[in-house]
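Below you will find one chain, with nothing else, as structure tokens; this is the form predicted alone, and questions on how it binds or moves follow later.
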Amino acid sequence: CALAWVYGVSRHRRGAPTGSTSNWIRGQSSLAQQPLHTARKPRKGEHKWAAVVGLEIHAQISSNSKLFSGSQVCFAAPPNSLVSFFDASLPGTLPVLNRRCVEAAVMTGLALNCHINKKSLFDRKHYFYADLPAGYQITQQRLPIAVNGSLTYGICVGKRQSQVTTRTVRVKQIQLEQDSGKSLHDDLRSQTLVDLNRAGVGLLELVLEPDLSCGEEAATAVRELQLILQALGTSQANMAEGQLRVDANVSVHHPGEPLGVRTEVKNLNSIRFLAKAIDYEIQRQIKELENGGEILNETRSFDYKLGCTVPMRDKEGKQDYRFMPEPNLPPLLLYDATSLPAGADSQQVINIDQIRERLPELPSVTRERLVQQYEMLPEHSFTLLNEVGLLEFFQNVIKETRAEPKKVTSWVLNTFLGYLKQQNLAVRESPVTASALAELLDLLDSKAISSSAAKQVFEELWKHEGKTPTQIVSEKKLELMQDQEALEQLCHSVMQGHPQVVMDVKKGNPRAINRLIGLVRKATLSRADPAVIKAILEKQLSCHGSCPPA
């Protein structure tokens, strides 16, 4: 991240906010548009600032049922259609722990290099919201299931973002807890409706230590975590469906001085908005402090339309959650090969070592394999994994084509991905299939068409679904000329028609022969191989005009 240190530049006198709220918001929005100050030497009178960022991440566990009840988990189901008596907190109902959720927590902890506690405890966290019918949430405050891990991620640096540097953020703890319901605010009728479908869904809360310093680092770390959860199958981590939500704690201070007062930006449900919110909040705090103000310990939300954070509530009166042990759940006991009781039923206990053996290939290992197997650059492996569905598309093309992996990589990352970005499409929405691209690369590899013709074919494939590359080549007459004698005749004619260019070649101008190649290709409607044209031209030029064409 270029923002290891941030330098303040504002030196205006602090003034009390004036004008309407809309004026204040417009001021906040204009700040959001300003670029962050990148690391440089401070000018006279300037002080450098260090930003500190910590994250709390809630990931919904991939499970058919909820954490403590048998209710089904399903996104966008009709309101209050997936609510058991326990979810509604009816008297006399008791929690039954979901084995799948525990295994998902252990697997995630192992993938993040955590220490798995063989004994963990459940607690009640009391607070009163309309969508929390029990008046408390079951969580793991005192002794969580996993602690002291690390998450390694890569940041692209350099002028062209072509170098990857590895960084690590510490994972303080991973704990199991219930999700709350959902409050639906109807401003038209001035009422709030409650949907309890989500109440009791199993969550993994991952607390990352404040080892991050900017929005880019936070966004990259969360994206890496998202890939890990998806590879493990412990969470689908679909942010658009609320399956991965992030709270960011942000503060700034002068290096060597105590950490500043932090603010919490809640419920960030997009990686892009996460980066923007953190970078904006860093700049807002610096500006406030430089103008003589102070930072409040408050909760803020991110207004994505204005690109700024806005206050939600202050934290000066710290809320007492009145944590207490959950009386209806015994301690959660886990075992490994050394502590497993003799004759224990594998269905009744959870074996940490067995879960470790089931760990799949993690994203970092996948990247290393891609680099070694296909000789691609590390940054290319990052792009393949970071774009949803792109790695699968790439591997399908590789399976079906005879073309070299390097050529496949180039076409997938440059041409194919470029078209997707231009049209703002996901990989699954592409009109060009992996089979079609593989067929196109085979035509190019067998020298049936030229590179420029291949790009024309790809463009036609993008516009007209259903046609094959071979059909397009035939319809557009894009096949390479195979008639050597005709090509030699064309080269001779071009040289005769452009004596000055021929003279420039003989004088040693290296660009002049490219001009001749271009003229010949134009005459063939780009149906001739440039390498073949160049070989013929060089042969004819070596004759110094004394050799007749073949």
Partner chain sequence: MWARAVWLGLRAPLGGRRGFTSKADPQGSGRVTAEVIEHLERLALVDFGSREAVARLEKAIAFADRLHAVHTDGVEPMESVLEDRCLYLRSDNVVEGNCAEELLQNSHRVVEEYFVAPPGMCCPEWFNR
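Keep in mind it's a predicted model, so treat the numbers as computed, not measured. Positions refer to the first chain, counted from 1.
Same protein, other form: the form predicted together with its partner chain, not shown, and the subject of what follows.
Enquirer: Although the partner isn't part of this model, could you tell me whether L196 comes within 4.5 Å of its partner chain in the predicted bound form, counting any heavy atom of the residue?
Expert: Because a heavy atom of L196 falls inside 4.5 Å of its partner chain in the predicted bound form, the answer is yes.
Enquirer: Indicate whether its partner chain has at least one heavy atom within 4.5 Å of a heavy atom of F416 in the predicted bound form.
Expert: No, no contact at 4.5 Å.
Enquirer: Hey, in the predicted bound form, is F85 touching its partner chain, heavy atoms inside 4.5 Å?
Expert: F85: yes, in contact with its partner chain in the predicted bound form.
Enquirer: Under a 4.5 Å heavy atom criterion, is P255 part of the interface with its partner chain in the predicted bound form?
Expert: No, P255 sits far enough from its partner chain in the predicted bound form that none of its heavy atoms falls within 4.5 Å.
Enquirer: Given a 4.5 Å cut-off on heavy atoms, tell me which of 422 to 430, 125 to 133, 291 to 299, 108 to 116 is the interface stretch with its partner chain in the predicted bound form.
Expert: That would be 125 to 133.
Enquirer: Quick one: in the predicted bound form, does every one of T168, L391 and K406 get a heavy atom within 4.5 Å of its partner chain?
Expert: No.
Enquirer: Select from the listed residues N267, T468, S81, Q163 the one whose heavy atoms reach within 4.5 Å of its partner chain in the predicted bound form.
Expert: The residue in contact is S81.
Enquirer: Quick one: from L359, A337, L184, A344, grab the residue that has a heavy atom within 4.5 Å of its partner chain in the predicted bound form.
Expert: It is L184.
Enquirer: Would you mind checking 275 to 298 for residues with a heavy atom within 4.5 Å of its partner chain in the predicted bound form?
Expert: Heavy-atom contacts within 4.5 Å come from no residue here.
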